[in-house]
Structure formats: C-alpha cells, structure tokens
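Next up is one chain by itself, shown in structure tokens, the form predicted alone.
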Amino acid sequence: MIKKILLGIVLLVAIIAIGFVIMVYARYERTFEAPYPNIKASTDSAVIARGRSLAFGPAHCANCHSPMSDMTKVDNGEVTPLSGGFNFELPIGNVYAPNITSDEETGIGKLRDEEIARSLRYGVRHDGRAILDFMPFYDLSESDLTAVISFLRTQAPVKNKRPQHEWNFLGKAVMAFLVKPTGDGDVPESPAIDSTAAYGKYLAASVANCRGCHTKRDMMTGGYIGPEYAGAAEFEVVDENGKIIPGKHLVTPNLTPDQETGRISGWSKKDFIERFRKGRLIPGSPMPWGPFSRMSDLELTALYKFISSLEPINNPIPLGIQEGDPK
C-alpha cells in the first residue's frame, strides 16, 4: 500500500514536472501588445545634440551598447560607436546588448521610429517580445525620447551582428512566467532643464537610473523591496573584459543624507561634482562612471540638490568589494 502511494506521488511529481517543462518551452518566446508612441525623429540640430548628450551622458547608452574592445574608452568618457557591446553572463543565460547604429542589416536602420520608441517606453521589442529591465527609460519625457531617437538616426551605420540571447532553462522559465513589459505609458511631465532638485529627480529616476541601482530589489522580479535611494542592491563584480569574477560582489551605497550611514552625507556640491569627474575608482564597479563623468555641472548640481533633499534613511552598507556571491 505504501509503495503504491509513493509510486503515485512520484508519478504525480513527474507529470507536473513534464507539464512545467512543456509550458516553459511553449511560453518563453511569448509576445505582448503595446501601443506605438507617436514619436518621429527630428532633423533639428539642437534636438539631435540633446539626444547625443543624453546617450553619452546620463542615459549611459555607451556602457552597454559599445563594443567590449572600446570599454576602456567608455570608462574614460570617450564617444564610441553604439554598435553592440556588452555580453551579460547571467544565471539565466547570456544576454547581448544589440547594435543600435543605423545599419539596416545588423542595427536599427530598418526599424520605424515608433518601434524604437515602443521598446524604450514599454519594454517591448519590435517583434513583440518583452525586453529585460536593463533600460529603465519608460518615463523619459516626450521631448527627450524624441531627442534620443533623433540622435540614433544620425549615427553612421556599423555592421556588427550580435548573437541572439542564449537562455538556459532557468532563463526560459523566467521569460515564460516572470518577464513582462514594464512601462505603463503614464509619463510624468518633465521639469525644465535647470539646476533645480526637480530636474535632479527626473534625472535620477527617469534617465540615469540612480533609483534603480541604489534601491534594494528582488533579484527574480526586479521589483523594489527597499527604501528608495537607501542602497543595498547587490551586483556581481566584472573584470575589464566584462567577465564575472566568481565569489565577489558590490553593494550599492546609501545615497540618502543620513549622517551616520549616507555615503555622501556631508559632501559639498563641489565634492559631489569632483567625484564624478574622477570616474571609476573601484575596479569592477557597475556604475557607468565614464558616461556620468560627461554630465554637465548643471546636471550634477540638480542631482546633488535632489539627493540632498531625500529623507535620511539609516542603512549601513559595507564599503568596497565583498566576498561571496550576491544573494
């Protein structure tokens, strides 16, 4: 009797496992519907210049979309072709940053402006599949989204075919059941481009992704589970070739002005700006110091004012590279 019960349990578990595998393979390439924003690239030189400034500055496009061979140049704040670059070696598989130059065969040359806008606004690719939450630009203002796309259209075509993402079974399961479009299309009105805390908040939350990295998040869903800007998100450490160094990680610092645990508590505006001008000081840090070093004094002043206005959160964070894999 007991053997029959155990056999029944084993068979039930096997049926459930087989059913789960079938569902994963049936769903991992599922597609989604999302509207196409009414965005058209402009030929206005000021609009293009704004887009270029964002792409190579606070929006840090170059950090992922430049060739791995150019990463030293990116770290130095240089302008590089956005022909596809970073290979993300993740627990769910290998993810490759695509070529976003105007090349028609391997880049975005054949995509309509509205298709590019949809990918940035809603996280939906031109083929309808969801994009991993690596580009949190859903709340870019209409004018800045137009500026970025206008700039991308001006890039010289570079032929560089990037591999398709290589999902392992865990990755396919994540894509099948967890990953979905993130943007909701409810874009807040952006403030004027000036040195105020209001513009700093827009940069921190909608452009530079300070909130996304300096807030503790669920490793599986990407959802926020900690106080905003209080740090504690964990990242793998990578070498100069973008390869993960096993057994080491970095924890993002607390940016709130808590006197005991805030990393920049007590910094003057001058200290803040000078730190950004120095670039990367901790090898393997995931922060895009190269593009951020290109930010203007106005942008950095706005960020400083916004961060200084945050509610202080007492959240001690260890400094430097830590031993052990991210939790």
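Residue positions are given as counts along the sequence shown, with the first one as 1. Because the structure is predicted, anything quoted here is derived from the model rather than measured.
Only in words, not in the display: the form predicted together with a small molecule, which the text now covers.
- In the model of the complex, H214 approaches the small molecule with a heavy atom inside 4.5 Å.
- Interface residue remark: N160 is not counted as part of the site for the small molecule in the model of the complex, having no heavy atom within 4.5 Å.
- Residue contact check for T252: one or more of its heavy atoms lie within 4.5 Å of the small molecule in the model of the complex.
- For the chain shown alone, C64 is a contact residue for the small molecule in the model of the complex, at least one non-hydrogen atom being within 4.5 angstroms.
- This chain is displayed alone, yet in the model of the complex one of I264, M68, A49, L298 has a heavy atom within 4.5 Å of the small molecule; that residue is I264.
- With the partner removed from view, the residue among V174, I244, A232, A130 that has a non-hydrogen atom within 4.5 Å of the small molecule in the model of the complex turns out to be A130.
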